[in-house]
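In the form predicted alone, a lone chain appears below as structure tokens.
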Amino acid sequence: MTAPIEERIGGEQPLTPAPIGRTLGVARPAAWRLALASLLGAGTIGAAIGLMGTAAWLISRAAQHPSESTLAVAIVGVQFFGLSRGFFRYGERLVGHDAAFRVLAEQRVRFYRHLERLAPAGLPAFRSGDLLSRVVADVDSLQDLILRVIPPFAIAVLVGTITVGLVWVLLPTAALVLLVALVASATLVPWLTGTLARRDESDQAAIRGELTASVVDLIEGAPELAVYGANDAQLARISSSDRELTKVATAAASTAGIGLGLTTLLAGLAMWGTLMVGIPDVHSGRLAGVWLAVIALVPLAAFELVSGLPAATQTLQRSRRAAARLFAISDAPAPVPEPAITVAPPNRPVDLEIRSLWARYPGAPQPALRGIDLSVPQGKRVAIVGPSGAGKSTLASVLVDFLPIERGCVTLGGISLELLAETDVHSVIGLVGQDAHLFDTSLAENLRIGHRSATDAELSASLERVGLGDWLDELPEGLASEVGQYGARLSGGQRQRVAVARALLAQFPILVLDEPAEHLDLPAARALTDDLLNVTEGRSTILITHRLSGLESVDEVLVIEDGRVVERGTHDELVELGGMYASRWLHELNSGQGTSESLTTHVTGQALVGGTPERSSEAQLRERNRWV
């Protein structure tokens, strides 16, 4: 069963369970709360044992028809133990769950922070659905560690010792019988169930992650699966994972039943054993008859101490597997490590300088950037163009600290990027990607991610700046309108404009726009690019695009190919040069825009004036196809 699952999760190697010490270390932040919960739990079990023992003595003594005053203390004791048991149990659950929720909150924040450090270059190793399972279901498994593993063992040791001591005072041989039965129940039975659980539940976390990933793929990729007729195959994959998870759950239930059965058997043997050694002592007069019921019934109550230990060992195995999957994330090195010593971020205005920049993706054999040079003083607008795979988005990733610098230098206001904390870099450079995420909430809440304290007037003004003012006025609920999952209720252009408006609210000194018009048709892309260039006038802006429409207004254009700058200059200079840029621009003019013959002739003439022979039609066609 292991091999198919590991193959389906992308060849991931089976994770060995996390060390017990490290797994238990997850609970360290709530240590004192766990100690208090264990004491309250000990009080609960102690009250149950006291209730059983006192009730047994009271019934036995009442059968002798003593005076009512003789039974008064025992009657009060029964009432006390009965009430205190409920209070102790309530306190244990209250404190224990408080500790668990605090630990879960701390762990989730910790893992989310590390995921932020890993994104985006470090996340392809994890499928989105499996990653969701790790951060939700596997973190939830740590709750069982805190509630069902640590306290039961602590309570068993504490109360078990006291109980055996009290029975020893009454009858040492009975105490020995009880001790042997408790030790066997607290060691041998949990060892057996733990061994079975290690075998049965070895793949539970991986199967659950695979099932979650498959369901997420089905939901998010439903249209594509339907188009390619792959719905049945995906449903079959989900059903297979579900059947395997059911097998694991059935095996786990069987293991729990074995543990409970053995514990019940030992409890019965302990009771009969104490009777066997107690009856002769009653006959000989060494033990009063009223105490015989006490030493016989106390073991039944005492075994509540160890009844949960077999299940606790199963839970421990499950938690170790879940912890291993979580540690695989937290131990994954961030693509860009935090500097050992950081400096304060630069004061505004901020100039950006890139000198001889080389960079590569983790594990890639070849660099994605090769010696890039660029100067962006405050207010300058630069366009980065080139064919797909040329390294344009890689440059954006380096600037926002998503990828490390292999060689060269990037400075912000004269300070090396490698000396700044990631949060400081993100406060200076804002990135609007081609797939900017919109959350399934209101338009206002999506915008306030850029500026939490922004007023409605500021939000409206920001939308007005990116050309969405009239659209906002037409919305019945205005800023309170829901955008849907991933902004599904908005068009592609509207989603990108909202993302830019959000970035403008954040007041980044430097704004990087990575293919903002990627998914739009040519007229919509031209309109969006024109609006973005208008709204960013006076702000340092790097526009990454493979479309050349509207670049006449930028201060400098860099043409990148294979990670190198092959052409640079203004729009007019590059058109006159007659190279890659001019060829692509001519192609855009002739495709889908109804360009007049005279305009085409003008462009061709400009290319010839620069002294560069016009390329052959076949060479131009090959070059245009590379940019598409």
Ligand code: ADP
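Worth saying up front: this structure is predicted, and the values here are computed from it rather than measured. The first residue of the shown sequence is 1; numbering continues from there.
Keep in mind that the form predicted in complex with this ligand is missing from the display, and what follows is about it.
In summary, the region of this chain contacting this ligand in the predicted complex, judged by heavy atoms within 4.5 Å and restricted to 211 to 219, 330 to 338, 384 to 392, 147 to 155, corresponds to 384 to 392. At least one heavy atom of Tyr361 is located within 4.5 Å of this ligand in the predicted complex. Contact check for Ala368: a non-hydrogen atom falls within 4.5 Å of this ligand in the predicted complex.
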